[in-house]
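Presented below, as structure tokens, is a lone chain in the form predicted alone.
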């Protein structure tokens, strides 16, 4: 079963996930790794989830560096993207 979900990670960083892909890699932005016990893992984010939006901005057409910078610029809570994964999707808002 797949679907979208929204996650807000309470700040400050580190958020506990590694991102891969982007327009420049001709791949969707996805979660490639989670830190054990990190904020993303505790929030229900899973490896393989696709990041659909970051802070309310669609990641469609976003390159890797743009996504990283958008995440790094979140100094309080990270309202991440929508994600979608093998079992679900996540929205970081």
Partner chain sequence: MTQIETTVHYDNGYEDEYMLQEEEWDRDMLLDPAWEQQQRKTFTAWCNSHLRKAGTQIENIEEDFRNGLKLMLLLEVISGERLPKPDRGKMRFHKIANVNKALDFITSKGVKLVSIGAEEIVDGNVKMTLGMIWTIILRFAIQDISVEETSAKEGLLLWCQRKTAPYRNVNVQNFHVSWKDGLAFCALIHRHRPDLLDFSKLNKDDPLGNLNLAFDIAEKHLDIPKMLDAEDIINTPKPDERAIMTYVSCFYHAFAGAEQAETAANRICKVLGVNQENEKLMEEYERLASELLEWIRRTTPWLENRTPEKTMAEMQRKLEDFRDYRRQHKPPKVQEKCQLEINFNTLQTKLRISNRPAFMPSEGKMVSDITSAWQGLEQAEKGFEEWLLTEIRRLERLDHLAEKFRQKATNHENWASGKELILIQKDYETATLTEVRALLRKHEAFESDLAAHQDRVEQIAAIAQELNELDYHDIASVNLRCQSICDLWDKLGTLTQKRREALERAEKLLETIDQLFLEFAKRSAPFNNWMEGAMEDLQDMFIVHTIEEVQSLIAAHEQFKATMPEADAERQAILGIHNEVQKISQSYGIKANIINPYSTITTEELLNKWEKVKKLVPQRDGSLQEEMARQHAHERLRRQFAAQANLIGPWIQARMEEIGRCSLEIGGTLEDQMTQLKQMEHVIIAYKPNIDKLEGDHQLIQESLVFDNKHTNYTMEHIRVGWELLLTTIARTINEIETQILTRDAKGISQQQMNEFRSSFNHFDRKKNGAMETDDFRACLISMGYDLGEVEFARIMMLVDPNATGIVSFQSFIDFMTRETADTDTADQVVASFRILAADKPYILVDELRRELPPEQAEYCIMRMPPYKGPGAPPGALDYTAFSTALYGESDL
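Since the model is a prediction, treat every value here as computed from it, not as a measurement. Residue numbers count along the first chain shown, from 1.
We do not show the form predicted together with its partner chain, though everything after this point is about it.
The three residues 14, 64 and 69 all sit with a heavy atom within 4.5 Å of its partner chain in the predicted complex.
Not displayed here, its partner chain is approached by residue 27 to within 4.5 Å at the level of heavy atoms in the predicted complex. Within this chain, residue 23 is remote from the site of its partner chain in the predicted complex, having no heavy atom within 4.5 Å.
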